[in-house]
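Before any questions on binding or motion, here is one chain by itself as structure tokens, the form predicted alone.
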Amino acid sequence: MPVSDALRQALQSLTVPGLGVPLSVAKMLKGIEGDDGTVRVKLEWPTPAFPGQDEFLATIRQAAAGQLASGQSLEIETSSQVRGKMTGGAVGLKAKNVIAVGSGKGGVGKSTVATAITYALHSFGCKVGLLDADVYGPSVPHLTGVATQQPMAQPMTLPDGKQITRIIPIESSGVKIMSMGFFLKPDQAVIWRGPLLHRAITQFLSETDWGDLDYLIIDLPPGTGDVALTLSQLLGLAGAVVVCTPQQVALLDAVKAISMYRQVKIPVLGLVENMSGEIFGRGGTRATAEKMGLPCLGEIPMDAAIRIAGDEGRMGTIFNTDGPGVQAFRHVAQQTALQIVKEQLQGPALPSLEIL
């Protein structure tokens, strides 16, 4: 039994929540076939972390119900494929999307948020790496419980016969991790100027055996320093996430960080309000984001379970639980992935994809 033109049009014109474009423009509708009284729709999510999947599937079924012929039923086959451009630039990094996580000032929980976003994306089924580029205060090894480990160097032979050496990153709860902290003593300070920073970040990106990643999260130093400029020169970043707390003094510094990212041509995906609640207040980040025409990716409440997990090096295990902080981090990770898809769609105008 054939698929009617009316049914094709009804599905192709459905607006995708969060993206604000029809399914045809979003390139999520991969096929519509009909036989033996069944219409089969093939739908591909642009990331496994795409929010509101069940609700949108219900919308598709509702839209199709009025266009099905008598006796026809509907089956929806879903899959997911993280979109990206393998923006490794001159360093040859095989990551579809590189996300920088920064802040205007220290002490706002930037590293905790970067680590949580990493594990949240992994929990959705994405291949994720975490680079701790906060060379002056590397805290990712402690947060992930691998501070006593040290990466190994491994010789490799390229297809052309050339011999190279790659650094094997530390793996924690399924996530590949690299940090300056692995090469420092606990009480050792890093006293470097810009050129040394540039060299270290370049080595971590180009000489680490990251493999093929859907997302590489980079935890930046606080403030507006050299590392963001280095990244803008080496990579085509998918965007930056700016972390701040609700107080006015933190928001003022966050605005400066946003200005820096814009000057170096790094898209700002949105702001995250951390430590939201009675102590520091609530909603200041959302108000600031609205004034700057940016999304607020979420508000992370004060949650003792998150703090304890970080102190004990168990950030990789928090997504086995379902507390308020975990739910908030899942939401932030989903909104971050969604904003990347939107940034990709806002490039050159995409033609409508007709399903044959």
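These numbers come from a predicted model, not from an experiment. So that there is no doubt, residue numbering starts at 1 and follows the sequence shown.
Beyond what is shown, the protein has a form predicted together with a small molecule; the following relates to that form.
Visitor: Looking at 126, 180, 260, 108, which is the one with a non-hydrogen atom within 4.5 Å of the small molecule in the predicted bound form?
Guide: Contact check passes for 108.
Visitor: Can you work out which of 289, 29, 64, 306 has a heavy atom no more than 4.5 Å from the small molecule in the predicted bound form?
Guide: So the residue touching the small molecule in the predicted bound form, by this definition, is 306.
Visitor: Just one of 207-215, 273-281, 232-240, 170-178 has residues with a heavy atom within 4.5 Å of the small molecule in the predicted bound form, so point it out.
Guide: Result for this chain: 273-281.
Visitor: Does residue 311 make contact with the small molecule in the predicted bound form, using a 4.5 Å heavy atom cut-off?
Guide: The answer is yes: residue 311 has a heavy atom within 4.5 Å of the small molecule.
Visitor: Under a 4.5 Å heavy atom criterion, is residue 49 part of the interface with the small molecule in the predicted bound form?
Guide: Although the small molecule is absent here, residue 49 would stay clear of it in the predicted bound form, with no heavy atoms inside 4.5 Å.
Visitor: Whether residue 302 contacts the small molecule in the predicted bound form should be assessed with a 4.5 Å heavy atom distance threshold; does it?
Guide: Yes - in the predicted bound form, heavy atoms of residue 302 and the small molecule come within 4.5 Å of each other.
Visitor: Is there a heavy atom of residue 72 lying 4.5 Å or less from a heavy atom of the small molecule in the predicted bound form?
Guide: Output for residue 72 is no: heavy atoms all beyond 4.5 Å of the small molecule.
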